[in-house]
Every structure is written in C-alpha cells, then in structure tokens.
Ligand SMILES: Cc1ncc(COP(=O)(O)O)c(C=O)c1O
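Read the single chain below, which is given as structure tokens and is the form predicted on its own.
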C-alpha cells in the first residue's frame, strides 16, 4: 500500500505544482483521449498501480485548472495546501460522520469549527451548524428548519402530516434569487412558482419600496452577495419589518457571508445576525476542497426536528452533538476536517485578509477595465466584476478567445438584460500580479476584435 499511496501522492503533487503554469481550459486532444476510459468492464481486473496510472494519464490532462489564481469564471475557490493534506488524512480515516459516540474525533472537529465560524461571522453563538455538500443543500437544510418552525407555530406538524391540507405559507424572495433557492423550494414541496418576487434596484438588492405586505406564516429568503454584483439585500431592515409575525428570514450567502469576517466589509450585512438562518459554501471563499457547504440555524430545535433520525440500532442515548441530527444525510464524509484545518491555519486575521485581498483584486480589475475604456456594469463593492465590451456578439467572441488562450478563465452572465463578462475573485492564490497578467491578455484580445 505504501508504494501505491506514494504513487498517487506523486501524481497529485505534480498536478498541483504544474497546474498554475498550464492553460486553464482543457484542450480538445485531452477531451478526445478520455475515450480511452470507456470500454466494457473486463472479466479480470488489473493492479491498483495500473488503475492509478490510467487515471493520471487520461484524467489529469482533462481537468480544468479551477484552482488557478487566474480562474475567475465562477465563484470557486482553490484549496489551501493544508486542506488538501487534511482531506487526504480524512479519506484515510474514512469516518461515517453521523454519531458522536462512534466517531468522536471528527464530531469534535465539527463542533469546534462550527463554534469558530459562528463567532467569526458574527452570528448567534448558540446557533446550530450543518456540514453539507454545498449551498444548494445548505439552503434546503435551513429552509427545512424554516418549514418546521413556521408550520409548527401555525399548529401543523409538517414532519408527520406532510403538506396536503397544510396552512398556506407565503414565500417572499428576490427577483435576483439564485436558481439553487428555487430548487430547494421545489424539493421542500413549496414549488418553484408559488413565490412572491421582490423587484431589485440597479445593483440587484431587494428594493424595499416594492416589498410586499407580509402575511402570517411567511418565509423570506434574502441574499448576501448577489452572484453578479456582490450586493447584499437590506437584511437588517427586512428582519425589523417582519418582527411580531410568524415568519422566518433566511440568508443565502453562498460566498458573500464570508464578508462578515472582515471589519472592512461586514457593514454590507448590517443586521444579518437578526435573521433565522444562513447558508454558505466553504469550498468558495474559505478555499477548502469540494464539497463543503454550511447551514447555520438560530433555532436548533427546528433544525433537529426537521433533520434528526432515530433507529433501534443507532446509539443516541446520552449523546453529545450527533452530526446526523443536523443534516439530510446519515452517511457522509467528515467535511469538518478541512474547515477546521483552514480556520486553524489562517486564524481570524487570515480569513479577513483573504476576503479583503480578493475584494481589492476585484476593484483593481474594475479600475483597469474602466481606464481602458470598457464599461463596468456593477458597483464593485465585493469580489464580483461585470464588464461589457460592446455588442453581445463581441462579448461572446472575446470570452471565447480568452478561454481558449488559457492564461485565465472568465465566464459569461446576463446582468440587467445584458450579456456580459463576469469575473469572480475568490481564490487564495490570487494577487495583483495575477490580475495584471490576466487583464493584459483580456485587453489584447478585446483590442484585436
């Protein structure tokens, strides 16, 4: 086994070492070579060494270099070296992280890192934390707790009796809400279309002039970090507005919630601690390996009522914090290992520095584009930049050419009915040098079009 694991380690570390110096986008030859993996399952197997060599030979070249400091296409972090190492260690431990009694080590890592994050983000320190796959399931988990509480206060046991015949629940969301919110609502039985959409201002924030009257039995879904502009809804004002009614305010903060770790940017989420739940990703701005999502819920009972599982063979008596009481899964990997590792490695100041450097890099991008005469469509208050080069056709041509050139990778978006280039800065390696190198490539391509 030692030789096998050393072989995998060598392949992995060589990939990481070389990735920052290679074209980010996968070339067509590497895509075509993936056909070498597609054959009928043989009657006889091969050695483990051969399997690892085949994976490296065909899959490594066909892997998008998303961990590059010049990957700006989506809000995707890289992976701090400490989290890559902790992830390998966690795989070796191979813990089914469900019960504190049977997996005390990794359960403790979740408990401690949850405590650290709640304090770091300025959220109520007695909130419950769920370690899940990503923001989709984090939103789902938090909104399941919302469903439990709102229906319970309306006199309905939704976990036992379901939704047929249940009281009406008003769902209020932003017209800029992320598609994962709609998916979560659909999975919870609320439906994608039975929502009240609040119009937004020029930066994608809910416009309170158009905020509807809030009925009893309501769930309001706000946003901390618009996927295009980075803007925050007026969350504190919304929380004040709905006080005294049977309501639940949820915050979709897939990447923006991490801004609360910075004294320079936490003003964007003024009053955010008044909400009832929050969702975010650790594999975005905290830069841990995929997958790692987080849901924080103020009412621990509501979350456990929606998520806890009981069976005769599960040792839950006198249990501490059973991780499975807070997540949809009973069986899952120990995601808290990597979160703990990065937080322990960076400390409070390190997380704040990461956020602030990414935001500074985004602002530098915006300034360079503006100085070059290109239109920046958003107020760059966080880590998102939306830029337009002219017609839709020209924007598409430039983005395609940039992606094929390989130095950096940018994505496209529709912002206020205009197709544009979107740059998201959330990688731990990104600095001004990476910005300047990437901008030079984009500018040269744009000038040649």
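Positions refer to the first chain, counted from 1. Quick caveat, the model's predicted, so the values are computed rather than measured.
The form predicted together with this ligand exists for this protein as well; it is not shown, and the discussion that follows is about that form.
Not displayed here, this ligand is approached by residue 255 to within 4.5 Å at the level of heavy atoms in the predicted bound form.
Taking non-hydrogen atoms only, residue 223 approaches this ligand to within 4.5 angstroms in the predicted bound form. Contact annotation for residue 364: none of its heavy atoms lies within 4.5 Å of this ligand in the predicted bound form. Using a 4.5 angstroms threshold between heavy atoms, residue 351 stays clear of this ligand in the predicted bound form. Three-residue candidate spot 203, 266 and 359; no residue lies within 4.5 angstroms of this ligand in the predicted bound form by any non-hydrogen atom. This chain is drawn without this ligand; in the predicted bound form, the residue among 95, 136, 246, 152 with a heavy atom within 4.5 Å of it is 136. Distance criterion of 4.5 Å from any heavy atom to this ligand in the predicted bound form singles out 227 from the list 227, 117, 173, 169. In short, of 247 to 255, 328 to 336, 77 to 85, 188 to 196 it is 247 to 255 that has heavy atoms within 4.5 Å of this ligand in the predicted bound form. Contacts with this ligand in the predicted bound form, taken as any heavy atom within 4.5 Å, map within 165 to 184 to 178, 180.
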